[in-house]
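To begin, one chain is listed below as structure tokens, in the form predicted alone.
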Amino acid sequence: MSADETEESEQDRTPSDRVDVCVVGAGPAGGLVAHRLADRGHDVVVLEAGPRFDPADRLERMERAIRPIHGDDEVWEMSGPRDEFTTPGELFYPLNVARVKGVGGSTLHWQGMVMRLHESDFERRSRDGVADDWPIAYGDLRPYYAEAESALGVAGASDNPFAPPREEPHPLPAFEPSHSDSLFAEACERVGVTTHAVPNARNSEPYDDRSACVGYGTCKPVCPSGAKYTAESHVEKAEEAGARVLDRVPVQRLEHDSAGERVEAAVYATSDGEEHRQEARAFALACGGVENPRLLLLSESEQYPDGLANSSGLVGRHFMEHLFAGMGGTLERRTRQNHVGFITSESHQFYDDPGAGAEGTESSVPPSDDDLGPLKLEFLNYAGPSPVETALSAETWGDDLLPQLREGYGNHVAMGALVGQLPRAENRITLDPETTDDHGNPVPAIYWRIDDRTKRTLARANEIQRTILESLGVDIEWTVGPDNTGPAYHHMGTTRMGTDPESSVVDPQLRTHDLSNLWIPSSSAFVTSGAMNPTLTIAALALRVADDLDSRL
């Protein structure tokens, strides 16, 4: 028996007596909810399907990440019957590359970019006549955004003229722009595009008992130094405040009372094949945009034959993603790519008005009259192969390898962009009864396609990128656009919020319309996707849910 197996077998995974709150999922939302409620004196149990990873293993995981013999899903052990899924929709969706099951959730492998949504994202119907407005406004989340930035330890600057209003500075100073950022800034100025700092959930100086970034450059999928925030931080704080955390206990279903008005228990499995019932006064479902709807659908009953909290029939529907647009090539000067493993500059100039033109001193970004969605421009710091990647795939060694390294490294440069996708009912997560997991449950089935509006916005992002790169003098060698785009791995929209129980799953407080003691703090409650990385908004919503739960317990 291995050390991990011995440790697993020795842990007590029997349920606690009925607690105040049962949190399902130990990612950022679950960790923040558990910590805040435990810190306020409530009895909290957290149930996590995956393991608790040992921080001492991070260097080994980094080696898996950079060695070509390992797949993208091997770094955090996402494979096998536990993690089966199917993608019968129009496009294949690489789900196990997009998520991590374990204490910390997907913050274990995330990039760490943490921007607030813009005010326009909450008012898409009012402003553009498409999708729906959120039942809450930016102002409702504004104080929670500030709390979330302090909780995660966000390094940022108040230099973004397009950002929504804020009253307080970021808790940590922004990272300095990279060398290639300075090259981009010169080109952007010539074409009338403003660049600014990226808010990053990684320490620019020591913060919250974590060191400053030391520059491993492998932030995604693993940060060996611990400078990048992961939700392990708040799970540990929750435990210190009295919460109990059980890992490797996948929840099989939620069971409701005889009236069908309240959840009574979360039924979870242990590795010995036993099932246990964790009872609680309230439940917080924090498993992300795919497993949240899956668990609700698996919790069907005689009273709820279509799944729990699904009287609207919308559980799993309106699945949204952010699409990637990119462009890059080589430059006849040193760009110093791969010295920094994360993005330090971006531009929100075309976010609220993606069709706007821009006038520069030498050339300009042409305007567009197309119907477009929000887009965010990014200036990458990891273009082209790193010396390690080149060396690992080379057929030569030692002195013979040096010329190849020198020729292939240091003059690449690239831009990226995230494009928002409107909610569409046909994009959905449902169950595939033909394929089952290691406990015999139907796996998630992903139906996903990209609509014409999103494709137009991707083309618009490419148009702006080309203008900037040509001004910089880049020999453009590759483009990711409407015909070869892919997801940014942000799952949203599958238990959407609203005031009408017929057109939404949760109310503005993220409590389900159907069950009075079930909350869903997650990006699955997003009404629209925006084009900003979603974790800061998830964190803000989680803290708001925790306050609501605290006031009701």
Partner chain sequence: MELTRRDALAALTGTVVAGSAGALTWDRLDENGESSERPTGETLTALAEAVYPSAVENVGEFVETYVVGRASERPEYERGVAETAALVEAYAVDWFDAPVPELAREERDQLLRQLGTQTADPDPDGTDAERVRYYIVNELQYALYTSPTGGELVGIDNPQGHGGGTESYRRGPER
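Residue numbers count along the first chain shown, from 1. All values derive from a computational prediction rather than experimental measurement.
One more form of this protein should be noted, the form predicted together with the partner chain, which is absent from this view; the next part is about it.
Undergrad: With the partner left out of view, is F175 within 4.5 angstroms of the partner chain in the predicted complex by any non-hydrogen atom?
TA: Yes, F175 is a contact residue.
Undergrad: Report yes if any heavy atom of T436 sits within 4.5 Å of a heavy atom of the partner chain in the predicted complex; otherwise report no.
TA: Outside the cut-off, so no.
Undergrad: Applying a 4.5 Å heavy atom distance criterion, does P165 contact the partner chain in the predicted complex?
TA: Output for P165 is no: heavy atoms all beyond 4.5 Å of the partner chain.
Undergrad: Any chance N427 has a heavy atom within 4.5 Å of the partner chain in the predicted complex?
TA: Heavy-atom contact with the partner chain at 4.5 Å: absent for N427.
Undergrad: Which is the contacting stretch out of 309-317, 267-275, 139-147, 334-342, given heavy atoms within 4.5 Å of the partner chain in the predicted complex?
TA: Partner-contacting stretch among the options: 334-342.
Undergrad: Please identify the residue among T195, T218, T230, Q421 with any heavy atom within 4.5 Å of the partner chain in the predicted complex.
TA: Flagged contact: T218.
Undergrad: Report the residue, out of P81, G242, G473, P387, that has at least one non-hydrogen atom within 4.5 angstroms of the partner chain in the predicted complex.
TA: None of the others qualify; the residue that does is P387.
Undergrad: Taking heavy atoms and a 4.5 Å limit, what residues of 385-421 are near the partner chain in the predicted complex?
TA: S386, P387, V388, E389, A391, L392, S393, A394, E395, T396, W397, G398, D399, D400, L401, L402, L405, R406, Y409, in sequence order.
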